[in-house]
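We begin with a single chain expressed as structure tokens, specifically the form predicted alone.
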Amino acid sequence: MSYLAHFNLEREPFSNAPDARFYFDSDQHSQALVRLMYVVNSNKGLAVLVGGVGTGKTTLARRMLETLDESKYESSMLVMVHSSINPEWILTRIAMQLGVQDPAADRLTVLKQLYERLLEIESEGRRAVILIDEAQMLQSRELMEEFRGLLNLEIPGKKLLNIIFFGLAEIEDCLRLDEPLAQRVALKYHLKSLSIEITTSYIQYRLNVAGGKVDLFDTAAIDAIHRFAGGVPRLINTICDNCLFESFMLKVDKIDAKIVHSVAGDLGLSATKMSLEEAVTETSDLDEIESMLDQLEIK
């Protein structure tokens, strides 16, 4: 028997694996998507979405890709998995993703092929869009200059290619490697950590999608999850998943703050963001208070 059966869940509610069914359309994610789509539909050229680790950048990138109807857009997403890529690889890969057949070996010919393909897309009444995830990996001036060159592919009064960077705060340093490119950023949006109110809605939403009861975590438990996760969705998922498993092992039907503190301790997450007053007011259980004091290292 798994915790799914124990809690009458149809599927894991807090997996960090990409799953469109669990996309949580928070206000800031909705605002970000609206702004990014504005850049694309207005052919502004370059936009940047910045967020910390686990704040939902890749989730949003995938959501945007799904939103781009192929009848109106020629779109693709590239994920930068390491920093050793070169301009030639980027150019060739973008050309292939946008439909260039058999890209040539030399750069100038590939650029000509890409430009012709972009003109075809334009003649079809569609827009070309490339999403770059983990863009902070673009750590050379040559790469930034290559993207500036791609943004120069245009016809009078209209850009032929829109590029959206999704990355950590370090993407700002990458852009500064080529000041003319940095000046071409038409829009920049920063994703922030979730508030306690949004964290509550987020947890309840994922439980609902998984077919379970939305009140499996009591209020104090959610407060503790928010503090340990710092409002970061990826960490919220990890803590909640472990809490469900721990509760299953303990044969209890509801997650309280004590279980959250136990799980957070096992995961090595710091509770130093919690004041003593906040920790004590979460519970009247003396054993739990003692455990909190141990974690806060002030006993």
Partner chain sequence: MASNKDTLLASAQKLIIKGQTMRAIKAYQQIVAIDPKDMRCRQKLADLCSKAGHNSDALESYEIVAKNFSDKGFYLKAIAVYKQMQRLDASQVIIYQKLAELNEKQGLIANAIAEYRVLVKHYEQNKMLAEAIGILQRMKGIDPENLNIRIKIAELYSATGDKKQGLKEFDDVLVFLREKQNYFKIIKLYEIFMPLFPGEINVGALFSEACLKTGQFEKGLKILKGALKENPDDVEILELLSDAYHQQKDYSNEKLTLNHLLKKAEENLDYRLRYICSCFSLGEKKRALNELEEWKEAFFAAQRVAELKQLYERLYKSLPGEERVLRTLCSIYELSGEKDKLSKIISKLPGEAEEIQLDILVSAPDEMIDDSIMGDGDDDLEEIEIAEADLIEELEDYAPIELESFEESLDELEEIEELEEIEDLIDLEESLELEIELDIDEPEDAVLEINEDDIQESTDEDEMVLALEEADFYLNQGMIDDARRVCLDLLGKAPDNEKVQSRLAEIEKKMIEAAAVPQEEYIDLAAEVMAATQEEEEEEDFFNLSDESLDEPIEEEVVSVEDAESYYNLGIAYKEMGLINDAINEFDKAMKNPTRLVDSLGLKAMCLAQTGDLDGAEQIFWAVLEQPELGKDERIGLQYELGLFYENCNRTSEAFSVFEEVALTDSGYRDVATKMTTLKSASASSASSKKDRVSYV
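Residue numbers count along the first chain shown, from 1. Quick caveat: nothing in here was measured; it's all calculated off a predicted structure.
Keep in mind that the form predicted in complex with its partner chain is missing from the display, and what follows is about it.
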Though its partner chain is not shown, can you say which of L168, L78, V185, L111 has a heavy atom within 4.5 Å of it in the model of the complex? L78
In the model of the complex, which of the listed residues (V50, L68, L269, L33) lies with a heavy atom within 4.5 Å of its partner chain? L68
Using a 4.5 Å heavy atom cut-off, which stretch among 237-245, 59-67, 37-45, 23-31 contacts its partner chain in the model of the complex? 59-67
Assess the spot marked by T55, N152 and I164: is its partner chain within 4.5 Å of a heavy atom from every one of these residues in the model of the complex? no
Heavy atom to heavy atom, is Q97 within 4.5 Å of its partner chain in the model of the complex? yes
Just to confirm, R93 within 4.5 Å of its partner chain in the model of the complex by heavy atoms? yes
Do V214 and its partner chain come within 4.5 Å of each other in the model of the complex, heavy atoms counted? no
Q101, heavy atom within 4.5 angstroms of its partner chain in the model of the complex: no
Can you tell me which residues in 109-144 come within 4.5 angstroms of its partner chain in the model of the complex, by heavy atoms? L119, S123
